[in-house]
Structures are given as structure tokens and as C-alpha cells.
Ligand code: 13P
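Before any questions on binding or motion, here is one chain by itself as C-alpha cells, the form predicted on its own.
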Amino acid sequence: MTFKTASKSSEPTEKDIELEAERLFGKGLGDLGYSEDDLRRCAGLTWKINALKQEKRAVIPAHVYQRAEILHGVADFIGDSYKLARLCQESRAERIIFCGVRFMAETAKILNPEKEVILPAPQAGCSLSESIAGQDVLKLRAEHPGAPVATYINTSAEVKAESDVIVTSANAPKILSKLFETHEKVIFLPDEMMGKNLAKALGKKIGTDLILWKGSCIVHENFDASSIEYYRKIYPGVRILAHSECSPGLVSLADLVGGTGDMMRYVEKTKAPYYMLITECGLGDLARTEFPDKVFVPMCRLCPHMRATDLKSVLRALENPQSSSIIKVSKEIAERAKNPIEKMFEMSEDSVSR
């Protein structure tokens, strides 16, 4: 759909809103429970955003956990952390309005130092990212000299700068396997449960071969493994897809373990009577709109950080962003953090990620 050029003060006509609401309905928002009033409310905002971002030469990447009206209403591309990092790097836009959380926006800034990167919800953080600081990485290095540091992408720029390679939930097994080819010991941080899952998958001993940090995701740490058997009885043939940030006990009961991209590809390529996506609820909403003929059993939790971004905050980021929304990473930190990110790209050319 082509949007007319608009200035900050432009307002959509009733016809514009009607057509935009129809577009959103056609994207599947009606099936997600959006009422006619909801669609019209969203339409007034998405029309403004899509028109204004052309004037501002802005691009809007959105993580798969974002609200459906953002994913289907204003996002220029949708993906997991790895995909968004790549696409932001390839974008020719002058501004990046990042619909996600702070560590993702920082990664975009590291890869695009000449572009303005704006986080619509400056309070959108991440429990994993906030569980560790750069000084903690330096301390681990001192305690385990010579051990390379593989750091999950859900971390701050400061932590990335002290790392050897960044990993995602999908490419971590491959990258850690390569590191173990030349090192007896590897440091993995900050997600402890993912680390335990990796240790089991790679046949490594925690504390001896694989050194872990006690970080966790406030969404994935709360899923209950004991309920899986119940759901399999209630929904015969259900495929259980679990994010690798979940507990080892839950992971051991799943049909697939991986990142959000892995889950979407699995759903696309398999046939089953039911699918259960054990991760943040946004992925379930996206899956229902992408695969309307498939049945999804709800077992998800909302991330308060991912839900902090709404259409009003995206519009504000385009019109008049708060200073706290403008992402700044020092040149020294950015240069050092870019190296392990590029190392990830190099070591996982045939992998996709969270």
C-alpha cells in the first residue's frame, strides 16, 4: 500500500482510516480479537506513522515479540535479534525506530554508528541484559584465563565489548562447538538455563568445561515443565516448541528447542493437529496471523519490556523523540562491541537466530 507524504501536522481522512482499518483486518488482527473500534484506533496511528516515516527517512524494525498492531501495522521488517541486526546493518535509512528492547537498539547503533537510533519505549529493558555488567565479564576472564567468552545477544553494549563472540539461541550450539575445538574451557553468559541446555547438548561439564553466569529471563524462567504431560493428554498429537531459555526439565520434554525463527520454520514445514509455542505471547500472535489454518494452544507469558512499545510511542519517536529514547553508545565501546558481533556473523553464516 502506498501512503501519501505527510507532515507532522497531517491527519488522515475518514476514508484513510477506513481503508487502513481494512488493511489491518486483512493482516489477521480481527482473528486476534481486535474489535472494529480497536482497528480504527490503530488505523489512525498507523496511517500517520507510515506516512511520517517516509518524510523522516526512517525504517522500523520490530522484534517478533512486539504487539500485533506494530508488527502488521508499521514494521518494515520483522525478525529475531540476529535477523534484525543484519537488516538494520543493510538499511539505507537515516533513522532507525527500533521496536524492541534497549540491548537490541544498542546493537543496531553499534552496527550503524552514522544513523540515529531511537527506542520508542526507553524503559524497555531486559532481565538478562541487566543481570551482568562489563566488570563481571572481566572478573570471569581473570578467574578463567584463556577461556573465550561467548555472550548471548541479550546483553548490553558494555558486556558485548568485553566478549569474544556473540551468540543467539539458534547458533549458540554451532559456535560453542567451534570454540571447544581449540579450547578446553569456554565461558558462556548470561543465561544460566540456556547454558545448562547447551552443556547437555554438547556433552560438557558445567563448572569445568562450560563456565556459566546466573542470569535468567523473567518470561522463560516461569514456565512449568510439569504441565507438559497434561497438555499432551488434552491435545493429542500436539507439538511442543520450547525456547532454549526455558529450564532443562521443560526442554527435555519438547519436540523442538531453539529460537523464535526455529519455531516459525518448524510450524511452516510440519503438519500437526496442534502447536504450542512456549515463549513470549507475541510469537503466538504472529504465528496465528502467518499460519491461520493451524491451531495454536496457548501457553505463553507476556514480557513487560516488549509490551512497553505501543503505536503512540512509535509516533512520538518519529515526531519528537525524548532524549532518553535516542540511543548513544560511545565510540570506544561500539568499536570493541562490533568485533564479537561480526565474529558471530562469520561463525554462523548458515545459521539464523532468536
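Computed from a predicted model, the values in this text were never measured in an experiment. One-based numbering along the sequence shown.
The same protein also has a form predicted in complex with this ligand, omitted here; what follows describes it.
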Contact residue in the predicted complex, chosen from 165, 250, 137, 104 - any heavy atom within 4.5 Å of this ligand: 104
Contacting member of 156, 151, 197, 81, with respect to this ligand in the predicted complex [4.5 Å, heavy atom]: 81
Segment that reaches this ligand in the predicted complex - one of 325-333, 285-293, 60-68, 38-46, heavy atoms within 4.5 Å: 60-68
Close approach of residue 243 to this ligand in the predicted complex, 4.5 Å, heavy atom: yes
Residue 109, heavy atom within 4.5 angstroms of this ligand in the predicted complex: no
In the predicted complex, residue 220 touching this ligand (heavy atom, 4.5 Å): yes
Heavy atom contacts to this ligand in the predicted complex at 4.5 Å, residues of 251-288 in sequence order: 259, 260
